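Presented below, as C-alpha cells, is a lone chain in the form predicted on its own.
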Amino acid sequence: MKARVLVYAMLTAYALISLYPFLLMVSGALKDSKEILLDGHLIPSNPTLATLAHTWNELHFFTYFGNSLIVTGFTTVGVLLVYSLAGYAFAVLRFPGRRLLYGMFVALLFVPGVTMLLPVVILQQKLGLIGTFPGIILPFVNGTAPLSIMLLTNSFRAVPAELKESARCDGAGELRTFWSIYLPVGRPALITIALLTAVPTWNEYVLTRVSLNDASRYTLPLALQNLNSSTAPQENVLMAASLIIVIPVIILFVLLQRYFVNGLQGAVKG
C-alpha cells in the first residue's frame, strides 16, 4: 500500500512538473504586456483575452493555418496509404528478403533525424522541390516509415489467419482482403499512426525553416518565429501565439486519445 502511494505521489509530481510550462504559457497568454513583466505569478491578477485577440490578428492565423493543414494533411494521408500497404506486405505476404528488409526499416528508428537533414536538402535541390510543399511533405512521409511499418505489421499479424482464409474462399484477392479485412481490424493502429504523424508534422520547424523561403508558404511554427523576430517581441504575445498554435493539436488528441491508447496496446501485443 505504501509503495503504491509513493508511486502515485511520484507520478503526480512528475505530471505537475511536466504541465508547468504549459500552464505558464496559458497564464502568459492571459496577461497584458505590463503584468507579464511585473507579475511572475502563475495565476493572472487581471486576466484578459485582449492579448489573444491581438495575437490572432498579428499572426494571420488562417493563412498559416491553411499551409500547416495542407502539409500535415497530405503527410498523414500519404503515411497511412503507403505504410498500411507495407505493413500488410510484411505481415501477410511471403517474399524473399522479407525479414531482412523489415529489419532494415526497424533499424532506421535508431538513426537521428538531424543527420538526414543535409542529404534531404541536397535531394530537394536536385529534384527541384526546394521551397515547395511536396519538398517537405515527401521527407515527412519517409521519416515516419520505421515506426509506422513496425506498428502496422504487428497490428496486422494479430489478425486471425481464419479471417484471411475465409476471404480467400469467397474469392477475394490481396487488395480486397487488405481493404475488407485488415484495414478495419487495424483501425486503432492507423489512428495511432495518424496522431504520431500529424502532431510532429504540425509542430515541425527545422526542415520547413531550411526548405521554405517564401513567406506565403510558411507554416504556423515559422509564423511564430516571425513574431519572435520583430523589433520588440512581447512575451505575452509569443505565449498567446504558442497557445493558439497548439490548441488544434490538443483538440485532435482529446478526440482520438481512446483510439491512440488502444492502438499502442494492440501494436505491443501483436
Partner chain sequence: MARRLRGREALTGYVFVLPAVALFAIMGLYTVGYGLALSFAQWNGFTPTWTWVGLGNYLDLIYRDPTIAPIVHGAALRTLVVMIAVPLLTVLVGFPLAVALNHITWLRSAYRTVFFLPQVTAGIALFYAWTYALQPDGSLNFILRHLGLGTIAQPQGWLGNPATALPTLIVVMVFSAVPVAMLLYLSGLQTLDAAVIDAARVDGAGGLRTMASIIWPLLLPITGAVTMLNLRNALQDFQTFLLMTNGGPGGHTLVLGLESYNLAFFSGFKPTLGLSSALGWILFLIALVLAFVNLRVLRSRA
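All figures in this text were calculated on a predicted structure; none of them were measured in a lab. Note that the rigid core is defined as the largest set of C-alphas that superpose within 1.5 Å between two forms. Positions refer to the first chain, counted from 1.
Separately, the form predicted in complex with the partner chain exists; it is not shown, and the next lines address it.
For a residue to qualify, one of its non-hydrogen atoms must sit within 4.5 Å of the partner chain in the predicted complex; none of 77, 132 and 187 qualifies. Within 4.5 Å of some heavy atom of the partner chain in the predicted complex lies at least one heavy atom of residue 178. For the chain shown alone, residue 92 is a contact residue for the partner chain in the predicted complex, at least one non-hydrogen atom being within 4.5 angstroms. At the 4.5 Å threshold, heavy atoms of residue 166 stay clear of the partner chain in the predicted complex, well away from it.
Mapping the unseen interface onto this chain, residue 209 counts among the residues with a heavy atom inside 4.5 Å of the partner chain in the predicted complex. Heavy atoms closer than or equal to 4.5 Å to the partner chain in the predicted complex belong, across 72 to 106, to the residues 82, 83, 85, 86, 88, 89, 90, 92, 93, 94, 95, 96, 101, 104, 105, ordered by sequence position.
Relative to the superposed rigid core, the position of the CA of residue 69 differs between the shown form and the other one by less than 2 Å.
Core-superposed comparison between the shown form and the other one: the Cα of residue 209 travels less than 2 Å.
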